[in-house]
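The data below hold one chain only, encoded as structure tokens and taken in the form predicted alone.
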């Protein structure tokens, strides 16, 4: 299966560490990811209206561009991008009226693009591009056993709490990632890395999401509850897939500490940072300088001098 990589907007800005360690980890596995050319924002959220479909334009263009470039699937690490693109894809595959209206609009739009010479013809899109989250792709394309075998650094003794958040699992009938109430995919991935996986009840909660902009106090409370739960259950670190979860859980910890001197800070890690570390990447390749709560002291004891070159 030939896949195209879609980083999304945030991974080229505030979440560069997620993008860079995604590429690094895949290279350490002996493969590579090629970005879809001229990609644009996916829209960030799934359209909630049934009557106005203009907010499906960005997703349809991206999915069709992926198909036209010869890829069988689109892979992304961001749960918001994953959810938005996969749910739009299902709409285009299953709703004949919306599919016809979208293709009619984009065919006319393509003809009006006089800045492209010659403007390529629009080929109707019907939902044929698979949309995969990076965890799915790693599981299905490499296999967790291969990840375990390829690991060059033992993470045994590192107690990690996997945090799914609210975008990766729901709605379950559309995203089909895992059981939304009792997921196992993230745990299996972290187990393959040799970590001690902590089961904590708040792993499928919402961190406050975009309320960090409109009502930061609400996001702070939600995030604090998640971190308190993880720490209470023995976690050394909370591991996330989502840039917004990372921001809410990491950025607000100074304020949590100011409001409660007994609060214990918890380093937050992207799952690709932990994967790259296990595969032999040194700490200075993991983008740890972007963290509010420095995970360096926690991770130093899990690094060893290993032979071989690490991709720059």
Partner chain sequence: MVRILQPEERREAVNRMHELSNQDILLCLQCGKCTAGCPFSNDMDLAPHQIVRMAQLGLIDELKASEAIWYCATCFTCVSRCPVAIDIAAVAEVIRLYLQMDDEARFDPESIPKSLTENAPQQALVSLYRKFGN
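Positions refer to the first chain, counted from 1. Bear in mind that the values here come from a model prediction, so they are computed numbers and not experimental data.
Separately, the form predicted in complex with its partner chain exists; it is not shown, and the next lines address it.
- Of the heavy atoms in residue 100, none are within 4.5 Å of its partner chain in the predicted bound form.
- When contacts are judged by a 4.5 Å heavy atom cut-off, residue 50 counts as touching its partner chain in the predicted bound form.
- Not displayed here, its partner chain is approached by residue 204 to within 4.5 Å at the level of heavy atoms in the predicted bound form.
- Contact between residue 214 and its partner chain in the predicted bound form is found at the 4.5 Å heavy atom cutoff.
- Of the residues 9, 288, 298, 293, just one reaches its partner chain in the predicted bound form with a heavy atom at 4.5 Å or closer; this is 9.
- Think of it this way: in the predicted bound form, its partner chain has a heavy atom of just one of 171, 120, 157, 143 within 4.5 Å, and the residue is 171.
- In short, of 23 to 31, 261 to 269, 39 to 47, 275 to 283 it is 39 to 47 that has heavy atoms within 4.5 Å of its partner chain in the predicted bound form.
- Heavy atoms of no residue among 61, 64 and 71 are located within 4.5 Å of its partner chain in the predicted bound form.
- Contact residues in stretch 80 to 100 (any heavy atom within 4.5 Å of its partner chain, taken in the predicted bound form) are 80, 87.
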